[in-house]
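Just one chain is shown here, as structure tokens, and it is the form predicted alone.
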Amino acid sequence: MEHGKWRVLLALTLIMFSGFFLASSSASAADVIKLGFIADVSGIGAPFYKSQKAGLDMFIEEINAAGGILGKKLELVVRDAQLKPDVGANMARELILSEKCEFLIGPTSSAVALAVSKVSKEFKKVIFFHTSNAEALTTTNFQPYMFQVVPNTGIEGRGMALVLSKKPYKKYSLIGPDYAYGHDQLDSFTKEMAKRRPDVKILDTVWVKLGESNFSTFIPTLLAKKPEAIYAAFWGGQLSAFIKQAKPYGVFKQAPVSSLYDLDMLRATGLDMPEGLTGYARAPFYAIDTPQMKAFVKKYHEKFKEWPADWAIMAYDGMTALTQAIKEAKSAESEQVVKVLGGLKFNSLRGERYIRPVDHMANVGIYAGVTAKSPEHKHFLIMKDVKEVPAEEVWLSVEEVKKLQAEQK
């Protein structure tokens, strides 16, 4: 009989403790907003990931120290997409289903982003893109749970066509990676240049596999038709490898090369980077004169002992927009937050910005300038005479966007 009583008491005690732990666990989960970051951690995406993660960590640390959002702390969960669309899609599903992430953060690769965006739509979870920037994300593949705080490939291609249309060059050769990013950007560049300078000829377009690092067979082809200028749609390590290998071939004596000269690429290329090349960046810390940027750069440099790359800045801006949307929705649920995304105004490091309702594209343009040495940065070049090309000057009109969106299958 005594043994029976003890067994009953033990069972009741276990039930009480189980209930306590379940309640504690539920309370703990309710106090956290989980963010799933589908990152391209490995391969050529590694330098980008380092900067992206630093920007995200810094934002989350600041917000949590100030009490969080709606009384909830932010928690980042990272998965590696390995620059592979199928892997990225699987990671996104895992983050939503297993990790219970309410919001997603996009990858580096546009190909991965297009796959991940479908998962975001399927599960109705908000995702923001801060590095991957295929224009298709906002047009033929648009879905309302996404928003973009990086200038898309159309803004970049048309923006550089605007900049270079003011140069005297009439003969261009193009080169880029053979996937969505490269095709979108070079197509936008070609069409915009034709509008602004009908006298300009595109002599040739050379396509290279993403990740290719040996350009010995591609550079002679690029130069064969004797271009006066070259536009390259490469990025990161692939662009750095191309620049370093182009010099022995005399490329820069024959034709200046224009491309995406972001901080990580300039650091990786170092003093091998030629001076006097016209290029652009997405968020160059040294050229954006806002109080927010100055405070961010100071804090970032003190924390990480290096200057913030474009990727850190845009990741930080994406978090600024997301948390602003959560506050305005007064909810940490994607289905409520999505209702306030279109037309959202937020105070980014790049200044006051808004998200256009028709395509959830933030009005972020490119920053074009000319490569030059700087006394403050002795081991790498930056760009001087930097001017912003506002998004409103080169993004697709609302009518054009709606027409492309209507073509979705």
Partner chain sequence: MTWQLFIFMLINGLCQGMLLFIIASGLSLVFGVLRVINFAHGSLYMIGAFLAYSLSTLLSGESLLGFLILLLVIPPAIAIIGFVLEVTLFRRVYREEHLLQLLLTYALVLILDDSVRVIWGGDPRSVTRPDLLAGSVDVMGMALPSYNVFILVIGPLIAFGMWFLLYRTRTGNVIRAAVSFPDTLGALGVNVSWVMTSTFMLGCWLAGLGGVLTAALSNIDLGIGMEKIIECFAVVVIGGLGSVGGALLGSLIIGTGLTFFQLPFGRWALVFPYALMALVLVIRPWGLFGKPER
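Positions refer to the first chain, counted from 1. Predicted model only: the values in this text are computed from it and were never measured.
One more form of this protein should be noted, the form predicted together with its partner chain, which is absent from this view; the next part is about it.
Interface residue among Ser165, Thr290, Gln336, Thr217 relative to its partner chain in the model of the complex, by the heavy atom within 4.5 Å criterion: Thr217. Ala241 is the sole member of Leu76, Leu260, Ala241, Ala329 with a non-hydrogen atom within 4.5 Å of its partner chain in the model of the complex. Of the candidate stretches 309-317, 178-186, 143-151, 165-173, only 178-186 contains residues with a heavy atom within 4.5 Å of its partner chain in the model of the complex. Put simply, Gln324 is far from its partner chain in the model of the complex: not one heavy atom of it is within 4.5 Å. A residue is said to contact a partner when one of its heavy atoms sits within 4.5 Å of a partner heavy atom; Leu277 fails this definition for its partner chain in the model of the complex, lying far away. Its partner chain is not shown here, and in the model of the complex it never comes within 4.5 Å of any heavy atom of Gly270. Taking non-hydrogen atoms only, Lys50 approaches its partner chain to within 4.5 angstroms in the model of the complex.
Within 4.5 angstroms of its partner chain in the model of the complex, the stretch 244-263 places a non-hydrogen atom from each of Lys244, Gln245, Pro248, Tyr249, Gly250, taken in sequence order.
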